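In the form predicted on its own, a lone chain appears below as structure tokens.
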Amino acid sequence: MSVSVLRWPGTEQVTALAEELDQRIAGGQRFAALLGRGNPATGTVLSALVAHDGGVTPLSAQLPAGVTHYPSLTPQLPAAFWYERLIHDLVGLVPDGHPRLDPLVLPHREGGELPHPGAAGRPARIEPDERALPVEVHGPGLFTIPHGPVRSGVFESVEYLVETPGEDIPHVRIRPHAKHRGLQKRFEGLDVDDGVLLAERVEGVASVAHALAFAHAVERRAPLPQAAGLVRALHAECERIANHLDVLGKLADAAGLAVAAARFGLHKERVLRLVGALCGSRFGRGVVVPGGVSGLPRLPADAVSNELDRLQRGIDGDVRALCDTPSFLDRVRTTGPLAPDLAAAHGALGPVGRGSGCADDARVTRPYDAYRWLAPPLVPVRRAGDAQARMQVRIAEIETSFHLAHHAVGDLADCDTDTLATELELSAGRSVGWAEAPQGEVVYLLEIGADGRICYCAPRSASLHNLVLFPATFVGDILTDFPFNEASFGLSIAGVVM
């Protein structure tokens, strides 16, 4: 890949940023995010994050005040496609040459007020602009099905515009903006203790992972008590198990297997009840604090181990039964294929990436907390890229998570538990934190001011990074395959639109 951008006054740093991204990606690093901090008075900062073995590095470009256009990175770096749309919605920067700049997270009227994350104050009023349905595919007999944002069952608010001649799906466009909550602005002015509470609520199904990524950005690799690291790992792995069980249940439900869907729902409920018994919150909230954890598990170690064993035995039996059901396998095999080349070029994350040959796992390549000594094995990747491959990755991850949770509980019983948090000396500056959520890598770009309060905080979930790939999986699929594709991605719309 070669990134080349035009040079014109005020955008020289964007050119340098693009060139450095080109060099780093060519050297094997992965593009992780492109974020914007807007300030009409002082100019805008574009920050690109690149992931590599051992860390995530921020790269920045400053645009002077008054400069509202810059050469788009998307034509040469397709993974920046949604990120540039997000920056346009929140900050107002126009990426010239972008292939499609329709609203993504905040459809606002032309000339209306923008939130400008990182700038002082909040907008007085933002008026949404519900635009006409965009059309990509033209021809006789083609029509658009607006699927959502209100849907049957318990689903998050998202609108899929399915363009179809009747059964085949030649094109899908995603409009998730109904879920936008303005969380980047909500972080500003909070102290770090309140910040971690908000981070837990960015993406409810990954509360622990978001709290970890935020805390890591605050801690800046500060030493963590061993017991705190083990408690964090235990809750993170329970969260992973619950999420993957939810996906298996949705896949079974899409196939009309009511008993299997009920069984996986039961297992998920038991995992959540175990987490609730451990800390008082079914979602593991309140456990992670900057510098450590708020307390030890409320159950004795042998009780936790016994419950983990009971859960694993029940789940293993139902997984075998599901995978021995030919009518189910017929629905997931070859459905929703994500080409390994596309997944690698985009840097697909989590089970979506690992189902298409991308092996990156932050617990292994950029280990943190107890993962430094628990040494989790890399989950074997699949290259088929279909819904079945993504399901197989999740099944393997459930097994690994039980293994890690057992080890965390055993090590916790043998280590010093008198100290559960490290006193942190906050200093002004910018930092990056990361964690491996059930959906994949979560990254937080955080800036703390001289007063110890948050000036700017930009979460980037795996859901935001991966969902852009969803339309590319409809290769030869029909309308009845849609729920299998969606369930196999296992993403959260709350994590896409913050």
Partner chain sequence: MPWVLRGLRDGVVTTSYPRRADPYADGFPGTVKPLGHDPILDGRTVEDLCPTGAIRTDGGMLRVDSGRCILCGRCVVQRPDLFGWTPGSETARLTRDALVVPELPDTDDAVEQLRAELAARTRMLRRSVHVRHVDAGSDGSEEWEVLALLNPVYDVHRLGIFFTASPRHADVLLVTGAGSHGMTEPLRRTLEATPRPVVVIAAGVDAASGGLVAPGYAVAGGIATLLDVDVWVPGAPPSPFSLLHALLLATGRIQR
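Numbering follows the first chain given and starts at 1. The structure presented is a predicted model; accordingly, all values stated were derived computationally and were not measured.
Beyond what is shown, the protein has a form predicted in complex with the partner chain; the following relates to that form.
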{"query": "Candidate stretches 413 to 421, 331 to 339, 148 to 156, 220 to 228, one within 4.5 Å of the partner chain in the predicted bound form by heavy atom", "finding": "148 to 156"}
{"query": "Proximity to the partner chain in the predicted bound form, single hit among L299, A375, A428, A321 (heavy atom within 4.5 Å)", "finding": "A321"}
{"query": "Residue among Y371, Y160, W82, F283 with a heavy atom within 4.5 Å of the partner chain in the predicted bound form", "finding": "F283"}
{"query": "The partner chain contact in the predicted bound form: L311, any heavy atom under 4.5 Å", "finding": "no"}
{"query": "Exercise: R181 in contact with the partner chain in the predicted bound form, heavy atom 4.5 Å", "finding": "yes"}
{"query": "The partner chain contact in the predicted bound form: A254, any heavy atom under 4.5 Å", "finding": "no"}
{"query": "The partner chain contact at E237 in the predicted bound form, heavy atom, 4.5 Å", "finding": "no"}
{"query": "All of L90, A124 and D246 within 4.5 Å of the partner chain in the predicted bound form, heavy atom check", "finding": "yes"}
{"query": "Neighbours of the partner chain in the predicted bound form among 466 to 480 [non-hydrogen atom within 4.5 angstroms]", "finding": "none"}
